[in-house]
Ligand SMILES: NC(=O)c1ccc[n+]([C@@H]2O[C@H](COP(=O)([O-])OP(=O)(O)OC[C@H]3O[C@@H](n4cnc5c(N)ncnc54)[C@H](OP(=O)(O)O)[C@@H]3O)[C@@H](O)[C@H]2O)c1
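Only one chain comes next, encoded as structure tokens, the form predicted alone.
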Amino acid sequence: MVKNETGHRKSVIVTGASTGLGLEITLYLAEQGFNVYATMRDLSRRNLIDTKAMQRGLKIEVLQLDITDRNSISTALETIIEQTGEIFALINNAGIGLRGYFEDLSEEEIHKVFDVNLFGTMAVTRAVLPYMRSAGKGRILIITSVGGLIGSLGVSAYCSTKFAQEGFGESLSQELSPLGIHVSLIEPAIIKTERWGINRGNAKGAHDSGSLYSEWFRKSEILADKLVESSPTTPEHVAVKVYDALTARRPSLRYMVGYRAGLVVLLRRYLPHKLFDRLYFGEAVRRVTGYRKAFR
């Protein structure tokens, strides 16, 4: 059991805990002895986590927390502090997808994905910092993506939010480390979760038959689905990395999850830029559009 100096279980907040990675992270950390507060925007979606917690014999606190609503954030944190007196860690997992070629995305859709993925992450982080500074310790984790390191066609806005999360976490780590607060970025590869079903997040204009990009987008989604189905990376792999970041004496800034993602990042790091662009980005464009001279 993971305990603090007073002998109580360390309190951890997980945002976006109703499904997918957030759900698995919540269950895994609770199994390892953390006092986990599973938060979600809509409490009507808590049935799955309640059922799984009961099946595993786990006690998990479920709270309403909308990361885009400052009052909702404050209310949730006040409840946690009142019950436990501390916030050891924040797992910034809540987020949404947005799939579609850039010209087919509306400004409203782009603003929304940034509001949730970036500004929502920042808002919850800002809210927990006074408690962590007062304690002189804490862990802040941000679930980003390999899409925050390498962009992909058909997800330009989504990747932009993940690149922004990477920059935010990297900068924040330097600002907070002298205060005893550690920041880590968890960077999963493609994983099969609900994100690829009801939560896929296709833009309204992505399948518009009048769009130049509609057929390219259709083909890119077929390729993405094949990668999802063949992915060896699971939500539990992510949960294990989160646990490692929470329990390490000196946590790393970055934890990549999935050997495929690690291989691509290594290739980009060590291959000449033009060669990588031609082999990786050029091949992606060729497979989707048939155009063979990209990045030549």
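We number the residues from 1 along the sequence you see. A quick note: this is a predicted structure, and the numbers were derived from the prediction, not measured.
There is another form of this protein, the form predicted together with this ligand, and it is not shown here; the text below is about that form.
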How about residue 95 - does it come within 4.5 Å of this ligand in the predicted complex, if we only consider non-hydrogen atoms?
yes
Applying a 4.5 Å heavy atom distance criterion, does residue 196 contact this ligand in the predicted complex?
yes
Using a 4.5 Å heavy atom cut-off, state whether residue 145 contacts this ligand in the predicted complex.
yes
Spell out, yes or no, whether the shortest heavy atom distance between residue 70 and this ligand in the predicted complex is within 4.5 Å.
no
Go through 89, 80, 183, 189 and name the one with a heavy atom inside 4.5 Å of this ligand in the predicted complex.
189
Looking at 45, 260, 268, 52, which is the one with a non-hydrogen atom within 4.5 Å of this ligand in the predicted complex?
45
Have a look at 132-140, 202-210, 157-165, 174-182 and name the one stretch with heavy atoms inside 4.5 Å of this ligand in the predicted complex.
157-165
Quick one: 12, 36 and 56 and this ligand in the predicted complex, is every residue within 4.5 Å by at least one heavy atom?
no
Taking this ligand in the predicted complex and a 4.5 Å non-hydrogen atom cutoff, the residues of 200-236 making contact are none
